[in-house]
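Shown here is one chain on its own, the form predicted alone, set out as structure tokens.
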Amino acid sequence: MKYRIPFSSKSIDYTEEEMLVIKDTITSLNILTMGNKITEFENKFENFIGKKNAFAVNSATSALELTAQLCNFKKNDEVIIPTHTYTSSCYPFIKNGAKIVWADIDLDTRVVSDESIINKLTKNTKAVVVPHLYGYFKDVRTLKEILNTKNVLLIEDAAQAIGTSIGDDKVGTFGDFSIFSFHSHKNITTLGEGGMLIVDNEEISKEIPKLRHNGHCDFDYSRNEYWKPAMGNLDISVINNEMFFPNNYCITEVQCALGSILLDRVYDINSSKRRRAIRFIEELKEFDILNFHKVDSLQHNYHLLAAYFNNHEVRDRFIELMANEEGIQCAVQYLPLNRYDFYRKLGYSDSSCQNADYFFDRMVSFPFHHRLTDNEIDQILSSTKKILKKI
């Protein structure tokens, strides 16, 4: 079915200046990966977030794979992860030997709750993953203090929340590892894919370049000729007497050049989406069967605009009528991970996450990419009102 306004789309249109950066980088560089542009992008991102040790990679999932690898899980080690999140927040940890413990969300904020995490902590807990879903920066300050006392790693999955903050605290500055995404649907995107990993530990951060790029490093001795024995060395990463094998998670120079200039637009894009979201929510406040999360501050960038109905039958009817009568494609996102065949087959089908189940069974996500025009936003609003009144 062809929709008048589809749910999925690339998130932004590039400006003429950004398009010129792409063209200039392609035409001027002889090396299109692992050159000067990645260093420039990483340095600018560190200044943007206010924290050192940023490493650009080809996707946020690759950043999560590196994180899971560096957690160095042993037998019986557990990771607490909310059932309500995207799958790549979870499966890299299973691949690297961890046992998953499901946590529930807070129904108002739609992100994992401190209470649920704290109740799941055991002597085997090695790490906790906190996804800042929908663009909302979950306040992790109290949780961080508790985890520190128990020597548990905090992993901030800030894939959807770039540019958010609470006071002077930026999202991604609390985690032992923090992950950002530049996927096609995110508020900024580096040609459809891309990610950033922030590493808090200085010793671990020194090994990331090797782990990211096939074990490449310099020789630890001088050579009279650069080609003897080779142009570069390969070596195993050793951290705390443990060996770590390398990967290939490299990002291109074109993506990094684009990412650098896109950082100048993050706050404008976030502000525009938040302003639209608040207006959208205010326009629908008379319909008490629809529950939004209203946050008119830098704590939310409204990467997505989601709500939930009082019952799933009304939700299903709403989505059906919006599609068939109005040509507007709404979506239902983040089936609790324990309900997927993938995790069932791995033995993770059981959970006690009632809020995550309740929210998913009643939720609706509206088309809300930055590229939508004001007229299209008005069409979605008008159609939503029409269908809600009909229901």
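Counting begins at 1, following the sequence as shown. Note that this is a predicted model, so its numbers are computed, not measured.
This protein has a second form, the form predicted in complex with a further copy of the same chain, left out of what is shown; the following refers to that one.
S.K.: Select from the listed residues Cys330, Ala68, Cys353, Ala54 the one whose heavy atoms reach within 4.5 Å of a further copy of the same chain in the predicted bound form.
M.R.: Exactly one listed residue reaches within 4.5 Å, namely Cys330.
S.K.: Under a 4.5 angstroms heavy atom criterion, identify the one residue in Lys95, Lys285, Arg141, Arg275 near a further copy of the same chain in the predicted bound form.
M.R.: That would be Lys95.
S.K.: The chain here is shown without a further copy of the same chain. Which stretch in 145-153, 239-247, 262-270, 286-294 comes within 4.5 angstroms of it in the predicted bound form, by heavy atom distance?
M.R.: Heavy-atom contact with the partner occurs in 239-247.
S.K.: Indicate whether a further copy of the same chain has at least one heavy atom within 4.5 Å of a heavy atom of Asp106 in the predicted bound form.
M.R.: Close contact is absent here: in the predicted bound form, Asp106 is far from a further copy of the same chain, nothing within 4.5 Å, heavy atoms only.
S.K.: Using a 4.5 Å heavy atom cut-off, state whether His216 contacts a further copy of the same chain in the predicted bound form.
M.R.: Result yes; His216 sits at the interface with a further copy of the same chain in the predicted bound form.
S.K.: Is it the case that Asp169, even though its partner is missing from this view, gets within 4.5 Å of a further copy of the same chain in the predicted bound form, heavy atoms only?
M.R.: The answer is no: Asp169 has no heavy atom within 4.5 Å of a further copy of the same chain.
S.K.: Might Leu121 be said to contact a further copy of the same chain in the predicted bound form, defining contact as any heavy atom within 4.5 Å?
M.R.: Leu121 lies outside the contact set for a further copy of the same chain.
S.K.: Each of Glu17, Arg110 and Asn301 near a further copy of the same chain in the predicted bound form, meaning some heavy atom within 4.5 Å?
M.R.: Spot residues vs a further copy of the same chain: no contact at all.
S.K.: From first to last in sequence, which residues of 216-234 have any non-hydrogen atom within 4.5 angstroms of a further copy of the same chain in the predicted bound form?
M.R.: Result: His216, Glu225, Tyr226, Trp227, Lys228, Pro229, Ala230, Met231, Gly232, Asn233, Leu234.
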